[in-house]
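One chain is shown next in structure tokens, namely the form predicted alone.
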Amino acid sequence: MNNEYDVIIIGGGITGAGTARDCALRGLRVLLVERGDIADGATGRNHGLLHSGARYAVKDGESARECIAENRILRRIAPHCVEDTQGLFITLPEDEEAGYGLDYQQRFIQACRDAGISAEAMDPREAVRLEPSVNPRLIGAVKVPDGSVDPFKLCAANILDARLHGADILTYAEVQSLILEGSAVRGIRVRKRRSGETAEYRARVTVNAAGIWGQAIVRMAGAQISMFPAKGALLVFAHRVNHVVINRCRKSADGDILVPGDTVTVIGTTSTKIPFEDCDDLNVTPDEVALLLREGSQLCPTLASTRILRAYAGVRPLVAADNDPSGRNISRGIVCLDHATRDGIESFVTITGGKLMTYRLMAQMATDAVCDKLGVSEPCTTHTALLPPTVDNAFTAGTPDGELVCECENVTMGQIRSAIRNFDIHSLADLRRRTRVGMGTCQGTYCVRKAAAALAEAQGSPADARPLAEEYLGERWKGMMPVGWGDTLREMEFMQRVFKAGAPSTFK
């Protein structure tokens, strides 16, 4: 890695990863810098909904059109990251009383069609046959082309493709300051969090794709951007309760989306403004859990008796536009700022707002801005170029690489070793974000020993296996604590007993 680039991208979430890929595909020398691991912020803390755009059709037609266009592109370029579940928007009797009855449903259908989204009204009985878990009290239903997407695989695929096209990726490196020369940003100064070393990297253009933390990056340049830190809490259930995405056909509210993904179901989200100093230390409260359970049971009554795996939360990178205390009325639209025209700061671009669904479009907008500054005329190809698989799946049963490590998620030893080879992995949490190891029903109870031993061996320190596992289980524990009752509490007690019984000398 040298220290001179065409473009430096700050932030290893999906927007930064997509921008790094787009820039690299256009022939630019790229450095992406992330203070933690990739997909460690909002990218890895959402419900994984492949938006059709229907959710935004009534109030934000532009976002709806962006979503359906990107929905179709993602199905083409990343089929290994996407599942075509389809989606239902349901109307309940209480929605009728609140002004979101069947008349609103017709308005919703028309708004979807105006945005180019297929929307088909269904007889409630037919909707129950399509999705047996749905609340049988529904009085209306609309079928839309929603789906689910694995944000970890999607982000890793973009990072991998960027690297394959020459980009350098630097994780666990926190930006300490921007290098300012006159009225221009010429690079960054970073501290490498694992070694404590500092370094400077220079570029002709710097892109701020740091999500909610992007406000602090802009301040380093001497400018301001008003961000709205909207915390969203979610719950993960222990099995796949539904097979079709279920939404409430009403104005967006807390707990009104139920998304099936991989082996689990996720209910989300809440929306609460929080102080910026809380963005790095999110906790889900008992009130948020109770709210999500109450609202989720309106979508699917069996949720009330289904074991919860864990709770987690993320922060949406919204750009403040009003004084709405929840952030629900702030547009989810894309914000691309050229700080030269906005603030008189040359060679500096911020890309923020938007959502997971529109990351590729956001990356294209940011890369277009970079290319315009550099005089590069190469066109964008990310809408047609296929994303690569992130791990090698061709492992033969009966061989060491074919050994099944994580039974919940069907992760083999070969996949773990492949991820360690292809990515800069320092912890089991990093490995989880590449392979889903430990994300299933047992939350790592059975697989974490083998995964920790494999990672410690790859790092050349077999004795570190137990500390790696303890660190990972401590993080899993944080997500289980807010829902620690009933079956979840029994699972927590069982996990403790399993690991108390394991001596360091037999940690395999």
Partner chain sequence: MQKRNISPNNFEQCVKCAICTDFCPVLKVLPSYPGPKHGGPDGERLRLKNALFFDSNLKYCLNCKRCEVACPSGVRIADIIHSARDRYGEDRPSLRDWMLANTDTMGTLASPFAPVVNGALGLGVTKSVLDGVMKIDHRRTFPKYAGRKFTTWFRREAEAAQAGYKKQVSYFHGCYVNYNYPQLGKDFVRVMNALGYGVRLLDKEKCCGVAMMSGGMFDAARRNAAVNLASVGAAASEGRLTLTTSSTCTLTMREEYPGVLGIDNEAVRDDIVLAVRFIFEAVERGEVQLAFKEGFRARAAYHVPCHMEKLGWSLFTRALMERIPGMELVPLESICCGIAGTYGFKKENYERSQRIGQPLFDNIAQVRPDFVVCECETCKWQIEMSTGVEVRNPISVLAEALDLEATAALNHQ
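Fair warning: this is a prediction, and the values are worked out from it, not measured in the lab. Positions refer to the first chain, counted from 1.
The discussion below concerns the form predicted together with the partner chain, not included here.
Colleague: Looking in the predicted bound form, is the partner chain within 4.5 angstroms of a heavy atom from every one of 3, 27 and 160?
Modeller: Per the other structure, none of 3, 27 and 160 touch the partner chain.
Colleague: Would you point out which of 382-390, 204-212, 255-263, 101-109 contains residues with a non-hydrogen atom within 4.5 Å of the partner chain in the predicted bound form?
Modeller: It is the stretch 255-263.
Colleague: With the partner left out of view, is residue 41 within 4.5 angstroms of the partner chain in the predicted bound form by any non-hydrogen atom?
Modeller: No, no contact at 4.5 Å.
Colleague: Would residue 490 count as touching the partner chain in the predicted bound form under a 4.5 Å heavy atom rule?
Modeller: Taking the distances in the predicted bound form, the answer for residue 490 is yes, it comes within 4.5 Å of the partner chain.
Colleague: Flag residue 373 as yes or no: does it have a non-hydrogen atom within 4.5 angstroms of any non-hydrogen atom of the partner chain in the predicted bound form?
Modeller: Judged by the heavy-atom cut-off of 4.5 Å, residue 373 is well away from the partner chain in the predicted bound form.
Colleague: With heavy atoms only and a cut-off of 4.5 Å, decide whether residue 69 touches the partner chain in the predicted bound form.
Modeller: Result no; residue 69 lies far from the partner chain in the predicted bound form.
Colleague: Could you spot which one of 422, 272, 283, 306 gets a heavy atom to within 4.5 Å of the partner chain in the predicted bound form?
Modeller: That would be 306.
Colleague: Tell me, which of 73, 320, 289, 216 has a heavy atom within 4.5 angstroms of the partner chain in the predicted bound form?
Modeller: Exactly one residue meets the criterion: 289.
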